[in-house]
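This document starts with one chain, in the form predicted on its own, laid out as structure tokens.
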């Protein structure tokens, strides 16, 4: 497997997942500050020029949540995803896909100070609804799906960590702050993130 990565990109999340799995792979650093993500070679892998990307036996996977989900299923013996057919699988998908489809667009528009967004016409509602949903989805104790840490925590918890780190989420509730702290205390998190994140 080749993992296309830059330490100041969302590839930090997929790198963390690979570290949680102790998955053997080749790390290929793409320096987007030097335009390496826009070379013909990289755009042939990901036409969007975005990082991360994963190539496994000729199969290209892009988008952070898709890579994390792919890895959880590829290394099913590591227990990072509920079994297909499990009653938890629906909640698992929700935790995987809510951040990228709803939270990140809302945080981006909030940072841009865009006004007069209609909750009915945008796919992510509004900031108030997003914050209420974060609060509802964040576990009081343990992890997103219960006592076992899963890929759901890598994506959902990783997004909340990004949101706090970069000021998208300026006043996390005590529950959210405690969950992010649990995330940051994981050994694989600490090994896969620059010390400034700890």
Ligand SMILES: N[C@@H](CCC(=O)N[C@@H](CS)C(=O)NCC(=O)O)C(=O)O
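This one's a predicted model, so the numbers in the text were calculated from it and none came from an experiment. Residue numbers count along the first chain shown, from 1.
One more form of this protein exists, namely the form predicted in complex with the ligand; it is left out here, but the text below deals with it.
Residue 133 falls outside the set of residues with a heavy atom inside 4.5 Å of the ligand in the model of the complex.
Taking the partner from the other structure, the ligand in the model of the complex has no heavy atom within 4.5 Å of any heavy atom of residue 150. At the 4.5 Å threshold, heavy atoms of residue 32 reach the ligand in the model of the complex. With a 4.5 Å cutoff on heavy atoms, residue 172 does not count as touching the ligand in the model of the complex; it lies far away. For the candidate spot formed by 3, 25 and 56, no residue has a non-hydrogen atom within 4.5 angstroms of the ligand in the model of the complex. Residue-level contacts in the model of the complex: of 51, 69, 144, 160, one residue has a heavy atom within 4.5 Å of the ligand, and it is 51.
Along 1 to 19, these residues reach a heavy atom to within 4.5 Å of the ligand in the model of the complex: 9, 10.
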